[in-house]
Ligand code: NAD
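A lone chain, given as structure tokens: the form predicted on its own.
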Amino acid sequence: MTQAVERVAAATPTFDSFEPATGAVYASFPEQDAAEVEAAVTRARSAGAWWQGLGFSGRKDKLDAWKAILATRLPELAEVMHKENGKPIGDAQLELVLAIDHIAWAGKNARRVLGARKVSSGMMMANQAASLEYQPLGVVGVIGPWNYPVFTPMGSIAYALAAGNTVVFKPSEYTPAVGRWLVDSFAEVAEGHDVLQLVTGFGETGSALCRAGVDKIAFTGSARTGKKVMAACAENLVPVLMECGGKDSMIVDDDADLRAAADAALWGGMANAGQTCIGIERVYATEKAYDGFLAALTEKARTIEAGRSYGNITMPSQVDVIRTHIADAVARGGTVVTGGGIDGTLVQPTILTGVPEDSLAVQEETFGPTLTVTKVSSVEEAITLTNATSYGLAGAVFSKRRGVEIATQLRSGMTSVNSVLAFAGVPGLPFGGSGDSGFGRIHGDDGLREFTRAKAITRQRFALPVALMSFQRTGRTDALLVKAMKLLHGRG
């Protein structure tokens, strides 16, 4: 879609997406009902035979051609993202670079991860040749978010496609033009086959997708909405992948590079206006590190500005959540070190100290450009506090000597040591969380297998002198079997 605005027939119910920076209508899209969603799933299923028939090599070629389109026309899509999502062009381009790298990885590694391979049969089944492969599920429904409208859903779309599935994609109602651009660009390599379909609308459209006969749903969004998706999917035992929110922390140890930690915390907390599920919202700094870290963080925070360093809050209702969290922190004894100002949908970078651990700003996802900074007596206390929320998505540790040791003790799916968010840029690593942050994984080997079913096959190579799985088995055979077990496994 080279022009910003797409209009649909007046007789069709429509909705608008808006430019966060101006509030102007950006594009209009159909609010598709259950029948239209089912039709999209049916088209995707019909395309499945062709797509699966291409095999791993053929699908890789198509994905390579798609990523080439994205890379060549990157500025065009970045402009759509900038307008509809509100993030700066540079941040949109960075998001696209990461997404393109994941498309390349998925296509390149699908055969290695999912292709048929031999499995040892063991001594008791030595007459059997055993093999394992991972087969596509069929049609995967992807319900995407608005905060990273390309990178996040691509972790499901690219991996599901590489595994041999077709996909029906419902982007957020805040970023449907981005979704349309992705689907239209893939159509350029799909030779007329409906391998990647788009459906647009609100929650009702997403609910319809859950009930439309898909073989799996990959959802990204809040835990509250995720529970509704799971309930809809449960009606037909449709499996789900849940990538929900986070309340991620950074731990700053005694020996940390404080200026590097401050720079990383600022990016992790404020980039994309803080609208990052894996972003940093809490910092725990040891007594020795606290003063130097806070001074460096405050100094750096005063060099960034809402509307210049990052964009507007995309979802206007989130401004009230951010305002409430800041007000609650202050009312309960917290101090605004810098920032705190809100002008429409622009929120200034805000650093809070002295905030109680049971406050909204510490326990609930703020999803805005705010950081709470807390002094702790030890790294052990920081670990305990980090793990004391219902979320378990991601985080960071800054320590020269103990970084990995600390990271392994955090109840999160992903942790970066001496950096932030780095795990998201490594295609071979799985991405996902636990608790209220969801379950299942995108990216990496696990992300490819997430969109498949394991298929185990045995083939008898020769007959055993005595068939163990037969009514012809005798008492003497049973005695020999018991004796063999004692010899093989009875020595502890």
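What you see is a predicted model, and the numbers here were worked out from it, not measured in a lab. All residue numbers refer to positions in the sequence shown, first residue = 1.
This next part talks about the form predicted in complex with the named molecule, which is not shown.
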- line: Answer key: of 334, 136, 339, 145, within 4.5 Å of the named molecule in the model of the complex (heavy atoms) is 145
- prompt: Since exactly one of 80, 167, 393, 352 fits, which has a heavy atom within 4.5 Å of the named molecule in the model of the complex?
  reply: 393
- request: Pick the stretch from 183-191, 117-125, 146-154, 249-257 whose residues have a heavy atom within 4.5 Å of the named molecule in the model of the complex.
  value: 146-154
- prompt: Is residue 171 one of the residues lying within 4.5 Å of the named molecule in the model of the complex, judged by heavy atom distances?
  reply: yes
message: Quick check on residue 196: any heavy atom within 4.5 Å of the named molecule in the model of the complex?
response: no
query: Do residue 310 and the named molecule share at least one heavy atom pair within 4.5 Å in the model of the complex?
result: no
query: Heavy atoms within 4.5 Å of the named molecule in the model of the complex: does residue 225 have any?
result: yes
message: For the three residues 207, 244 and 277, which mark the spot I'm curious about, does each lie within 4.5 Å of the named molecule in the model of the complex through at least one heavy atom?
response: yes
field: Neighbours of the named molecule in the model of the complex among 300-319 [non-hydrogen atom within 4.5 angstroms]
entry: 315
